[in-house]
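Given as structure tokens, the chain that follows is alone and in the form predicted alone.
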């Protein structure tokens, strides 16, 4: 999908995905670094504090007024965890100049985004303590919301247990106690380190003056001496050596069962389309075996779905169940996996899954943000397949290929979150 790529500074690339399908264009600015417990909370905070104000527009209110002037442009912070990598930065959505009655939206929006990133509002040589304290509250609320969402909490805990001591286990936003310790000086130091050492990928999606945008970012980076610390690929564990059983009790009314599997594969192995098709048939869609059989026919779960992470080589199956139904539900899930390993996939199941994936892949072209995310994630994994190419591969995938993929999958961890008064 990328039509042009320029290196504008050491470790900084700007990529153009040209399309005239949309009335707006987006710029996505992404720092890409290794997820580390000692830095993830600081990196999570950087976009939040930068969006509070810059030297030219010292308050968030003034930034928002400028965005309104730019035909209601929108700037969003981003902080994502993709396998062992943390991705943080900004997305700006701006109206195409041709619909702006002569206004220079692209130029002004790019300058605003660069002001926010490169020329922040400072107080006594560091970030504003008042802004920081407010954003600490917001970030802690976000972390606690994930803890209070027991479905999310249980899947996170399962991944943590499967990935102890690796970057895969690092929490997306960090720990509350680490957020509380952030000071204006430590955060400003982390920000400077990011500008000087972390690789950056910038994506421009739409129909706009790409050279103008590239020139502005190149000018801003020209004042920064960069020595890149490149993130390294983590080695995935391809096969479970034994099954770990972990029970945890909390004051809850619904049990949360999470089975963690090693798939034996990751996205760099080149058979992502087979993995995705397997996942659709197994538990990622309303026509999957887990939904139709375990949830609907057997009525064992309030929900039951599989989630595949090709970056980590991990697949999770999450189910909300009665406390007493843990063993029977676990067996039912494993039975459905065994059926796929044995090639028990009907033509209807195969066609439903292929149709669902085709639609999913082709919908990427209907959303500029989805186009950017697709391209970024595959660039990180050194897999440059485009959606239409994946859709064509899916069409040709056979039951035998799906069954062969499933045979590599081994159960690694059984995590069960149950109530305080449950007997297990």
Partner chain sequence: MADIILKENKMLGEKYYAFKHKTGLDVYVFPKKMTTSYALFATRYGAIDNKFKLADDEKFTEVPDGIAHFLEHKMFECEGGVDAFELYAKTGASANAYTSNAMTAYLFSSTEKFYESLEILLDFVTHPYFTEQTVQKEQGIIGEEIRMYDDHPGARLEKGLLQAMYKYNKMRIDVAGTVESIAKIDAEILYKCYNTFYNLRNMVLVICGDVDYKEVEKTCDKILRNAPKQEIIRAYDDEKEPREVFEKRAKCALSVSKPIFAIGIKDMDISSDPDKRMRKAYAMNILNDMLFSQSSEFYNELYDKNLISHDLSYSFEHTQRCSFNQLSSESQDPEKIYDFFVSYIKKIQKNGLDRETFELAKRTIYASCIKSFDSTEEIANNMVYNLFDGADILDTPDIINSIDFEYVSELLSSMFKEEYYAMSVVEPIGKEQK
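None of the values given here were measured: they were computed from a predicted structure. Residue numbers count along the first chain shown, from 1. We call the rigid core the largest set of C-alpha positions that still match within 1.5 Å between the two forms.
There is also a form predicted in complex with the partner chain; it is not shown, and the following applies to it.
- Contact annotation: residue 272 falls outside 4.5 Å of the partner chain in the predicted bound form, judged by heavy atom distances.
- At the 4.5 Å threshold, heavy atoms of residue 341 stay clear of the partner chain in the predicted bound form, well away from it.
- Though the partner is left out of this view, residue 382 does not reach within 4.5 Å of the partner chain in the predicted bound form, counting heavy atoms only.
- Within this chain, residue 42 is remote from the site of the partner chain in the predicted bound form, having no heavy atom within 4.5 Å.
- Judged against the partner chain in the predicted bound form with a 4.5 angstroms heavy atom cut-off, the residues 144, 303 and 366 are in contact without exception.
- Listed residues 83, 206, 120, 320 were compared with the partner chain in the predicted bound form; 320 is the one with a heavy atom within 4.5 Å.
- Residue-level contacts in the predicted bound form: of 250, 227, 232, 347, one residue has a heavy atom within 4.5 Å of the partner chain, and it is 250.
- The stretch from 177 to 185, 260 to 268, 210 to 218, 289 to 297 that comes within 4.5 Å of the partner chain in the predicted bound form, counting heavy atoms only, is 289 to 297.
- Scanning 78 to 97 for heavy atoms within 4.5 Å of the partner chain in the predicted bound form gives 93, 94, 95 in sequence order.
- For residue 291, a C-alpha deviation of 2 angstroms or more is recorded between this form and the one not shown after rigid-core alignment.
- Residue 392 is among the residues whose C-alpha shifts by 2 Å or more between this form and the one not shown once the rigid core is aligned.
- Superposition of the core reveals a Cα shift of 2 Å or more for residue 153 between this form and the one not shown.
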